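Consider the single chain below, provided in structure tokens and representing the form predicted alone.
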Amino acid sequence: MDKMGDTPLLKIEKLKKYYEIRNKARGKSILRAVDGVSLNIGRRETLGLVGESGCGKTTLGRAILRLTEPDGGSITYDGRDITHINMFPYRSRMQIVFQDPSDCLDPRCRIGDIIAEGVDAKAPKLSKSERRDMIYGLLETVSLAPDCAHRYPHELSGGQQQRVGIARALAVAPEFIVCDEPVSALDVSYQAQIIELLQDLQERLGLTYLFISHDLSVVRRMSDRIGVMYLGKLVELAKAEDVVFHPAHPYTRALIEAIPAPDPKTARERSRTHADDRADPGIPDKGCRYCRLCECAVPVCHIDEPELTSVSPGHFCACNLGHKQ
């Protein structure tokens, strides 16, 4: 595996996406959903992106695919800047698996017809039998029986629907897939099955993933490296084991401590300790974005906004005290 080699498959630099918000009481304001994010993803690597709802994870994934147009920064894919070019040639190389399969599958179409859209786009000159065999093959690839092609989405379970979503993404033979909370809408048993499927497909097909989730325990299982986002900024980036066992940013530590504990006594102690830890939707005009909730904050944190810097080989943290933690 290449993973993080000399030339990453995907490279984004200072990517930005802002939204204008209109409020009768406050007037116009700017939501900095993604605010200057930079990162690389190596071939056949899984980069996990974790953070609370509203931190900008999904917006970043969509901006990378140009499903929403970025307001600044650059996107380089396979050595070429794709920030402003026509994306049609790249749609088959870069795909997305959405969060809720029931919302993204047309309820009026049979499963075979849903998958056939990608097959027809990738290979429009196939014969009827070849087209049918490819659809059946894609269903088998995601461990679904060929007769599912004749069923409607509502006739399948949530886990089966997500497998259809994955098959639809695979229909155009992509290299890179954004997995946007692909298991958050599923039961725990289905979550494990989908994660195992994604890992198996990566091994067999050489896929590269950006795996987005709010659940750090899921991201840890899936990812080679993990990036932690808070209010539009990347606050930590490192190998998965370093993020989980040696977190450098206070927000990362808060996420780890929020993972449900199997021991009820430990869970109660965590609940009391972090009872006041709530996501702060406002972005301060200056200083660290997390400083108002951070127990480690010092005066400089309210003045200077830290940049993502190295705290150890391959481990980056955006914290004014990161090098001391």
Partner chain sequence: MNTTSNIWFDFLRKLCKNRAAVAGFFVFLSICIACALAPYLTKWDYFSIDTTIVHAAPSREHILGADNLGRDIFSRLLYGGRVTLRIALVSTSLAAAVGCAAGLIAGYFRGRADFFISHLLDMLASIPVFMLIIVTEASLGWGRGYFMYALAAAAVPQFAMLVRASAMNIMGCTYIEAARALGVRHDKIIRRHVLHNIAPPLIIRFTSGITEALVICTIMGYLGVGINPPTPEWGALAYTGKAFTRSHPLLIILSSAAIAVCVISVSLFGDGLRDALDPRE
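Numbering follows the first chain given and starts at 1. This is a predicted model, so every value here is computed, not measured.
Here the subject shifts to the form predicted together with the partner chain, a form of this protein not shown in this document.
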query: Exercise: Arg32 in contact with the partner chain in the predicted complex, heavy atom 4.5 Å; finding: no
query: Val172 within 4.5 Å of the partner chain in the predicted complex, heavy atoms; finding: yes
query: is_contact(Arg80, the partner chain) in the predicted complex, heavy atom dist at most 4.5 Å; finding: no
query: Contact of Arg204 with the partner chain in the predicted complex (heavy atom, 4.5 Å); finding: no
query: Heavy atom within 4.5 Å of the partner chain in the predicted complex - the one residue of Leu198, Ile96, Ile75, Val164 that qualifies; finding: Ile96
query: All of Asp103, Gly118 and Tyr136 within 4.5 Å of the partner chain in the predicted complex, heavy atom check; finding: yes
query: Partner contacts for 72-90, taking the partner chain in the predicted complex and a 4.5 Å heavy atom cut-off; finding: Phe88
